[in-house]
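In structure tokens, the next block holds one chain alone, the form predicted on its own.
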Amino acid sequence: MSTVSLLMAVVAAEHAAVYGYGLLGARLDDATRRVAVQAYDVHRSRRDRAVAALGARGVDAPVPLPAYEVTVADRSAALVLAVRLEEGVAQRWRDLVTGTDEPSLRQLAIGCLQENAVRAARWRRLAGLSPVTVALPGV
């Protein structure tokens, strides 16, 4: 897969994460909602960086879908969705780590993958899921 294709997949995953975090926050208490808002902001920033990387290559980034298929009925579902969002985005950043020859993009992707692993572990802990960590995030 080309670096452009990998970046497009990252943008699409980050669009989904931004959308999902926008929904799940309504089902959380104030303290946990603050964690979700921070994650929302991080994913928006990452999406914007990936969009800029595509723009630097003369490529238009994919636009977000009008809606994504998610249901957030309660706090438990919101926490599980947060885990799912982090795992999904981690897969795309991991693909970029292994699929690009560009050191700066690889370094960005490694940092993002590490941050996803930490956030996913936090959400798993809050959701009462076990194990809290996984051996290979994004796999």
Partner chain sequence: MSRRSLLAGLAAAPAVACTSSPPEAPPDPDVALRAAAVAREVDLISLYDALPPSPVHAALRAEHVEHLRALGGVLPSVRPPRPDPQPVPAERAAAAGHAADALRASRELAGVLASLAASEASHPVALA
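Quick caveat: nothing in here was measured; it's all calculated off a predicted structure. Positions refer to the first chain, counted from 1.
The same protein also has a form predicted together with its partner chain, omitted here; what follows describes it.
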Among 23 to 31, 81 to 89, 110 to 118, 40 to 48, which stretch has residues with heavy atoms no more than 4.5 Å from its partner chain in the predicted complex?
-> 110 to 118
Indicate whether the candidate residues 5, 69 and 71 are all in contact with its partner chain in the predicted complex, with contact defined as any heavy atom within 4.5 Å.
-> no
Heavy atom to heavy atom, is residue 103 within 4.5 Å of its partner chain in the predicted complex?
-> yes
Proximity of residue 62 to its partner chain in the predicted complex, heavy atoms at 4.5 Å = no
Going by a heavy atom distance of 4.5 Å, is residue 122 a contact of its partner chain in the predicted complex?
-> yes
Is there a non-hydrogen atom of residue 53 within 4.5 angstroms of a non-hydrogen atom of its partner chain in the predicted complex?
-> no
Which of the residues spanning 115 to 139 lie within 4.5 Å of its partner chain in the predicted complex, based on heavy atoms?
-> 117, 118, 121, 122, 125, 132, 133, 134, 135, 136, 137, 139
